[in-house]
Each structure stands twice: as C-alpha cells, then as structure tokens.
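Only one chain is given next, in structure tokens, and it is the form predicted alone.
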C-alpha cells in the first residue's frame, strides 16, 4: 500500500490533507510532537470528520497511524514514503527540515526512488521554502539524489477548520468547501492520483487569489470583530458596518488580482460571494482571537493585508478598506500570542507611526502611512 507522511496532526492535518490522502488509499502516518495525539492515532487507527454545514454529515477516516516527529522512527517513515505533506505552520518548516533531510539521505542509501513533498501552509512558496531549508542539511550526494528524485511542489490550500470538541480527541470539524491546488511542473515522476487535489501550471494566480481574498477577508473580519468586542467570525461578518468594510476590501484586492492575473471579473466576484457566505456559516464557531493570531506575519509586505494593498497601488487602484483592515490589525492585543505582544511593545515604545513603517514597509510621510495612522487613531477596542 502507498504510504503518506503528514507532518502535523492538528485540525488541518487530520481534517483536510490527511483525510484526502486516506481517501485516496494511502496509509497516512501522522507525524507530530503531541505524544497523546500520536498514541490515540495508533490505538484507534481511525477518526471522524464532522462536516459543519447545512447538510451535516460524518466521514470516517481510516488506515491511519502516528509517529513522533522528534522520535527515532520518523526518519525511516520518510525513507519509505511515497509522498510527504505538511500542515505545521510556516515557522515550523525549518524545524522539520533536518528530519526530512535525514529521511532523504536514508532513501538514497536504500536506493529508493521518487518522493514528492508538498508543504500545505498558508504562505506563498511554502514548499520551495522547505526545500531551501532541507538542502542546508543534505550532503553533496544527498543534494544530487534530491535533484533527481525529490519534488518540492508549491500549493494553495483552502478549508476552514475551526477548533472542535468531539467525543474523541481525534475527531475534527470542518466546513464542506475545500480547495487544494498543486503546482504540477514541480512534481517528480508519476503524478500522484489524489481525488480533490487539482493540478495547475500557474499556481501563483491561485495562491494569490486565495491569500488576497479568503485570508484577507478572514483577517479583516477578525480584527474589526476584535475591535468591536465580538467573539466569532460569524458574529462579526453579520454586523453591517464590518461586513461593508470586509466586502469592499475583498473587492479592492479582487480588482487588483483581476488586473494582474486576468481573472474574469464576474467569476471573481462570485468567488467573493462564496467566501462571504462561508464566513456566515452558523455551524462554524471560529473565534476572532484565533483568526487574528500572528499579526506581524499577517502584516508582512507580501501577506494578506499589505500584499493586496501593494498590488492595488501597483495598478493605481483604490484600497482604502484594505488600509482600514491594516489599521485594525495594529489594535490586536492578545497576551497569549507572542507576535501580538511584540507588536504592542513596538507601538508602546516607538509610537504607532514608527510601528506602521517598520511592520508594513509604508514609509512615514506617504499617503498610505498617513491613512493607516489616522484610522488607527479613530478606533479603539470596545
């Protein structure tokens, strides 16, 4: 039987990527540092996915097991795998890179063939970033082997998987919608046959479509909802004032995406409609404090808030709602989130003007910088 290694046994790993691999007749080995989760996977060997939508249903995911990602067995698991996927968060890729490199070296020594690695993270170029990290740990012979036999294919992933409390700790709740688009030219050997995985030779367009629409709207909904003292994305998006800003921001980013990638405007606006409807799903309890976490990353120049604003600027398009969303993000104050603490310390020590310049790249004195600071000054947490 084909074997898949899924780094990350969290909600995305179990509720999305690992589930699709299992349904495609792979034996899925979940690799994680959570020993309790790994023991449960090895004992139960299956779990339930609960589809949280108007037509609620359950799917049983079977033929799964677990391995500690920092334990002695993971290298051999990678050495024997047909495909490796990740859902660990962008910052963890560099941590698992040395383990993957050891697995590649073991494959080379055993004379094994093609392996495809797909980092299913909310970032542009996740697999290529992982490839760079892995190569720093490979021998010269390992690098030569990897060039011939190991594909690192970037992808775009889209599924809302909120925290979920089931009868079993392995059970996970997901929305019915999902999208997994993989860069076909970067795959090695025979293309994996995985129902639900779409292939493309123009991945950047789909990555930016998702990041600058779904993730942009999600983040702005979260930050405006947090400012208004709301708990969930559903509650926030059903507020008329918040919905109007979020909708305008997604249309601003959409107009820039249409200019850059040639998307059909009518089709793209239907895509925005679908996303707005997903945010309103009453069966998904997605807390604004979760969606808003790691604000420094989300305020990066190429990420979901500043990235679409920069693209709109490039094409001379309006982007005031995007700037309002950026301003709201600077108010996100969650003591449990290290990035939020760091952001608030920057503001306290240096002032909002310096923080905006440092974090977003908008220079002090520019029109965009001025609007962000003015919008920040207008608002405070309810």
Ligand SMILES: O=P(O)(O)OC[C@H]1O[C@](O)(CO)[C@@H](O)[C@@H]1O
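What you see is a predicted model, and the numbers here were worked out from it, not measured in a lab. Positions refer to the first chain, counted from 1.
Note that the form predicted together with this ligand isn't included here; everything after this is about it.
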| query | finding |
| --- | --- |
| Contact of residue 122 with this ligand in the model of the complex (heavy atom, 4.5 Å) | yes |
| Partner proximity in the model of the complex: residue 249 to this ligand, non-hydrogen atom cutoff 4.5 Å | no |
| 4.5 Å heavy atom contact, residue 208 and this ligand in the model of the complex | no |
| Close approach of residue 286 to this ligand in the model of the complex, 4.5 Å, heavy atom | yes |
| Residues 245, 327 and 378 all lining this ligand in the model of the complex, heavy atom within 4.5 Å | no |
| Candidate stretches 250 to 258, 293 to 301, 189 to 197, 134 to 142, one within 4.5 Å of this ligand in the model of the complex by heavy atom | 293 to 301 |
| Heavy atom within 4.5 Å of this ligand in the model of the complex - residue from 214, 305, 224, 130 | 214 |
| The unique member of 268, 102, 108, 159 whose heavy atoms fall within 4.5 Å of this ligand in the model of the complex | 159 |
